[in-house]
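Single chain ahead, by itself, as structure tokens, in the form predicted on its own.
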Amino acid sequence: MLQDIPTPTRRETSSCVLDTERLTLRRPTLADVRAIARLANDRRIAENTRRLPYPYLQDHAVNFVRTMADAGDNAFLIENNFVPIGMVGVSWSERDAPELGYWLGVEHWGQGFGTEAARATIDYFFEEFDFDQLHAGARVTNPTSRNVLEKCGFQWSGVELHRFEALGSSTPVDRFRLSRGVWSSLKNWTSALRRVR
């Protein structure tokens, strides 16, 4: 999902804590390792997330948190009532094609948290970085993730094969794009955007 590629320079310095109606998104720390590993260690998550291994161990979470600390504000731990429920962020593995990525612990599926966290991260991305498009992908067998992207205004752009670490093979992925203009039009229609601290 999120890798250790340095992020482009932001327009200006701002808080790396995002608040929405029900969620707080913040940088993960080493204190979060146990919670991240517990949530991510589920085959159903790993099989729909390209870069998560399975089983997902605490060592994987430690490496992830340390990489994010060095790389900048790429990733956010998603919390609901101070309880970690997943991760969301922007991958810079392709420097000219930043990509939204997210996952939630299985017990938090179906409650709208993914859409709410994605919208806050998209808003952050377009306010802080000088890019006109954000990319995303969803495994073709994962209609729930595609639904999250479509609710956020992403438009389908094709199908590609991508390797999934947990599967040990490549599988078809629906690719999506969201333009700054479309996001600007849509963001006024929702209450699930970030709040400034």
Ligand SMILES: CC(C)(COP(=O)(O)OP(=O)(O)OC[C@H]1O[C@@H](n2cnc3c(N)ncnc32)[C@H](O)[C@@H]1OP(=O)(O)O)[C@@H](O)C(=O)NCCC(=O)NCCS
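Numbers follow the displayed sequence, beginning with 1. This structure is a prediction, so every number in the text was calculated from the model and none was measured.
The same protein has a further form, the form predicted in complex with the ligand, not shown here; the description that follows concerns it.
Report task. Indicate whether the ligand has at least one heavy atom within 4.5 Å of a heavy atom of Phe113 in the predicted complex. Result -> Result yes; Phe113 sits at the interface with the ligand in the predicted complex.
Query raised in the report: Should Ala40 be classed as touching the ligand in the predicted complex when contacts are defined as heavy atoms within 4.5 Å?
Result: No - in the predicted complex, heavy atoms of Ala40 and the ligand never come within 4.5 Å of each other.
Query raised in the report: Any chance Ile45 has a heavy atom within 4.5 Å of the ligand in the predicted complex?
Result: Yes, Ile45 lies within 4.5 Å of the ligand in the predicted complex.
Query - Contact test in the predicted complex: Tyr102 vs the ligand, heavy atoms, 4.5 Å - result: Contact with the ligand, yes.
Query - Site check Phe131, Arg177 and Ser185: each within 4.5 Å of the ligand in the predicted complex by heavy atom - result: Checking in the predicted complex: none of Phe131, Arg177 and Ser185 is within 4.5 Å of the ligand.
Query raised in the report: Considering the ligand in the predicted complex, which of Ser157, Gln58, Asn142, Thr171 comes within 4.5 Å of it through any heavy atom?
Result: Partner contact (heavy atom, 4.5 Å) among the options: Asn142.
Report task. Scan Lys151, Arg163, Arg27, Arg66 and let me know which has any heavy atom within 4.5 Å of the ligand in the predicted complex. Result -> Here the answer is residue option Lys151.
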